[in-house]
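Below you will find one chain, with nothing else, as structure tokens; this is the form predicted alone, and questions on how it binds or moves follow later.
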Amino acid sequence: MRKFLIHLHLTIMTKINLLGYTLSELEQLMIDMGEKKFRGGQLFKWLYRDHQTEFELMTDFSKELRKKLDDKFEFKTPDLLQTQVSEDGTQKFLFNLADNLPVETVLIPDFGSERKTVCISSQVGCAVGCKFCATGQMGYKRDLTAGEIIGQLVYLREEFGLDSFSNVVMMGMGEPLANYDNVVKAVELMIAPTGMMLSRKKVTISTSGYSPKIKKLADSGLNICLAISLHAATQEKREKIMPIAETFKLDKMMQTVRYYADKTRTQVMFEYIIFEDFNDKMEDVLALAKLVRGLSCKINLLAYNKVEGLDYKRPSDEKMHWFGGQLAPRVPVVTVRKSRGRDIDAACGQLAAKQKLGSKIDV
């Protein structure tokens, strides 16, 4: 009898987490509770726009409704396990999910401007297996829910205020388009006019090249920014470092990228990590320029960040600037990006979630 009562008590105490619920889902929730549909819209604003998670303080609800909500529901972000701060101001956050799996988020300030970029994760681990990437060495654990994706942003705003970040990029651990439905749901919460109210131009999804999902995203109407993890401008070289290239061929991928640019009228971004003595020659410059010819795009050049146990080498600063200088006259826009957060393993390809898993994870 005592065991039964303990089990009953725990069952009663378990609350449903509303983090990740959309406007329509909260409207249906209110209807199911015997309330008017518009109450769902009010609750949506309280949670995502006003960041009020205490139901008893939602003053446009009756005391009875506030109590019913408080008895059954909560709005809770993943638990923070650790924060690291780089000498350049970059911050890395390690979160613990409900099933004790870790996920990491990086906040990158842009000194001299109001721009603050947050790099969020969409999966625990990654199945793509890029050979230069720390996450790829970890393997795939599971997809994040929409609530776990958006929860990374909600935590930052609750902790640091509404101006804690200005831009969101899904370049953290995982392949966003392999978790398409949850990622799209999270993006809809980000850009909702009565929710987080982010501009579509401030949200970027980065993919290693899931061609069918790129087209699907183009047709979704979200019109957010698209980034392609390219890293090699020929099919042969791309296959050597990115196994996904064997399934989604470079020429077909570029067709869908061009479709995305035309359909959404946005400028596509290409991420090109330079590895010493692999993709850093004049032939690579010419191949890259040819690949993007006629496409509205921006190319970000990044120096490879060393990952323990992998043989790839970081190029010199001179090589980076030479490559950028040769590429600049041949493409619409090229930027040589400075690595951020390298001293705390928060730079591109370095993100670590060693607790629980004993291995590293990528940004």
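Note that the coordinates shown come from a computational prediction; the quantities given were computed from them, not determined experimentally. For every residue, the number given is its place in the sequence shown, counted from 1.
Below, we turn to the form predicted together with a small molecule, even though it does not appear here.
query = Taking heavy atoms only, is Asn305 within 4.5 angstroms of the small molecule in the model of the complex?
reply = The answer is yes: Asn305 has a heavy atom within 4.5 Å of the small molecule.
query = Would Asp280 sit within 4.5 Å of the small molecule in the model of the complex, counting heavy atoms only?
reply = Result no; Asp280 lies far from the small molecule in the model of the complex.
task = Tell me, yes or no, whether Glu175 is in contact with the small molecule in the model of the complex, where a contact means a heavy atom of each within 4.5 Å.
result = Judged by the heavy-atom cut-off of 4.5 Å, Glu175 is in contact with the small molecule in the model of the complex.
key: 4.5 Å heavy atom contact, His231 and the small molecule in the model of the complex   = Because a heavy atom of His231 falls inside 4.5 Å of the small molecule in the model of the complex, the answer is yes.
message = Looking at heavy atoms inside 4.5 Å, which stretch does the small molecule contact in the model of the complex, given the options 25-33, 58-66, 295-303, 316-324?
response = Selected stretch: 295-303.
Answer option from Tyr140, Phe132, Phe248, Phe95, heavy atom within 4.5 Å of the small molecule in the model of the complex = For this set of options, the contacting one is Phe132.
query = Among Val257, Leu144, Val168, Met171, which has any heavy atom within 4.5 Å of the small molecule in the model of the complex?
reply = So the residue touching the small molecule in the model of the complex, by this definition, is Met171.
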